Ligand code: 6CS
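Next up: a single chain in structure tokens, the form predicted alone.
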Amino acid sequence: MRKTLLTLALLAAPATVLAETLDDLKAQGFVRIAIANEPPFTAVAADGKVSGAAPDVAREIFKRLGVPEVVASISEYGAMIPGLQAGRHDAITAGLFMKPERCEAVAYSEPVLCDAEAFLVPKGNPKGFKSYADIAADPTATIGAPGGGTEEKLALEAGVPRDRVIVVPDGQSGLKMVQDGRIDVYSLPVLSISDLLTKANDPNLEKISPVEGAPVYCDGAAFRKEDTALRDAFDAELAKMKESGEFAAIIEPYGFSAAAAMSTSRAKLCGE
């Protein structure tokens, strides 16, 4: 099986890996990346093939750096940074949005993918939810969100009690929970909710976007703090691709805006 296929066995890799250098990765011929399974940021086909905007950008950059293959493993968002720090991954390329606290824990590249937040709700939005604060104000409302993800944190910060924020393992599960009435709202980035709706083709569902009061976020590839030289090499190729238009050619078919990623910076998003 080619190393571009999903390799779940890497989740059990030893946690004693030292700082990676580009020469190390060239010698082994592949880089290990952590991903979610949240199209269009990341996607895993039935045959295990990994795609999505974030892995596609990473695959092209590492190829240019002399590392021909990527080996991907699925991880919950809340487990990605601990897994990176423990040496189970060499990088995270998964729509892991930059926030100051995450910037303290990892070395982010410059921005790659930007998006706003959205709600998936029953058709007609019967409870009128337009913001996380609206959900907090309704004592009966429940919201589904990825564990350790941005949406879970935004809901909690808006005052939604912990027992009304339901951790959902993946997009299809979140969609089914809204369809079955087990949660009132499922929250993900706009493009992720759009992808779910397109695939579901369910006239009884709709998207509310952007969520009022929620910021626009951007992700970047995340590396261990001690791997800044590797991050800098990644950034150098990313900058070339942004300048040449090759970056836009990869991400815009997925619905992302290259201009949005190029209009901001790691320093700004990390609050440096």
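Please read these numbers as outputs of a predicted model, since none were measured by experiment. In case it trips you up, residue 1 is the first one in the sequence shown, and so on.
There is also a form predicted together with the ligand; it is not shown, and the following applies to it.
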Q.
So in the model of the complex, is the ligand close enough to residue 111 to count as touching (4.5 Å, heavy atoms)?
A. no
Q: Flag residue 149 as yes or no: does it have a non-hydrogen atom within 4.5 angstroms of any non-hydrogen atom of the ligand in the model of the complex?
A: yes
Q. If you check in the model of the complex, is residue 88 within 4.5 Å of the ligand, heavy atoms only?
A. no
Q) At the 4.5 Å heavy atom threshold, is residue 174 in contact with the ligand in the model of the complex? A) no
Q. Pick from 84, 168, 94, 193: which has a non-hydrogen atom within 4.5 Å of the ligand in the model of the complex?
A. 94
Q) Which among 134-142, 160-168, 181-189, 197-205 is in contact with the ligand in the model of the complex, heavy atoms within 4.5 angstroms? A) 181-189
Q) Should the three residues 38, 77 and 102 be counted as contacting the ligand in the model of the complex, with contact defined as a heavy atom within 4.5 Å for each? A) yes
